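Just the one chain here, the form predicted on its own, laid out as structure tokens.
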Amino acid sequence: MSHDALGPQKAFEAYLADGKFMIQKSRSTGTYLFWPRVLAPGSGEDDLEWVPASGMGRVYSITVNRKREGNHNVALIDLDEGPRMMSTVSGVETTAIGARVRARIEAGDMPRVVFDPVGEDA
């Protein structure tokens, strides 16, 4: 079955399972979107296509959740394409606002996009 035959969220998950970080883009406006949707917000355009994300972004905000089982961060990442997404910055407890990060797909029962810190020249 083609990923296009699935609903937007299921298509996104299927791409992740295939090892691909894809986001949607409106053909008519050139606007990139995330979370997966049927229509572009604001314009209502339905000409959305799946395109590979560059995987690069900057930390917009980050917080650390502290638990007895261990700490983890929750970050908002501004993708270079424009959309903002919630994720985790892997391998660190926290990082600076504005820090450059690179996406990778973390395998598992439900693959997900996580980010790794990178140097400023990336």
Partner chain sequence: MAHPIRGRTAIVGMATAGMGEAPGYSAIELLGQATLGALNDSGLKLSDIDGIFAATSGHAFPTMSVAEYLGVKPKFFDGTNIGGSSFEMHLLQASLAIEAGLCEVALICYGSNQRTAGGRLVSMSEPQWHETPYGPRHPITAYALAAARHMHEYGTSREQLADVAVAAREWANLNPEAFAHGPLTREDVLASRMVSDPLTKGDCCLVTDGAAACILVSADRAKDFPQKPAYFLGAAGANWHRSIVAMPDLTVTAASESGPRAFEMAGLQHSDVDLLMLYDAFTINTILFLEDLGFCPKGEGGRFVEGGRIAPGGELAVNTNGGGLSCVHPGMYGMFLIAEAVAQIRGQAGERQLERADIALLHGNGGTLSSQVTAFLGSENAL
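Just so it is clear, the model here is predicted, and its values are computed rather than measured. Positions refer to the first chain, counted from 1.
If you look for the form predicted together with its partner chain, you will not find it shown, but the lines that follow are about it.
Just to confirm, with a 4.5 Å cut-off on non-hydrogen atoms, which of Met56, Leu76, Val92, Leu48 contacts its partner chain in the predicted complex?
The option sitting close enough to the partner is Leu76.
How about Arg112 - does it come within 4.5 Å of its partner chain in the predicted complex, if we only consider non-hydrogen atoms?
Output for Arg112 is yes: heavy atoms within 4.5 Å of its partner chain.
Does at least one non-hydrogen atom of Ser87 fall within 4.5 angstroms of its partner chain in the predicted complex?
Output for Ser87 is yes: heavy atoms within 4.5 Å of its partner chain.
Looking in the predicted complex, any heavy atom of Arg27 within 4.5 Å of its partner chain?
No.
Although the partner isn't part of this model, could you tell me whether Thr63 comes within 4.5 Å of its partner chain in the predicted complex, counting any heavy atom of the residue?
Answer yes; at least one heavy atom of Thr63 falls within 4.5 Å of its partner chain in the predicted complex.
Within 4.5 Å of its partner chain in the predicted complex: all of Gln9, Pro36 and Ile97, by heavy atom?
Verified in the predicted complex; spot residues all in contact, yes.
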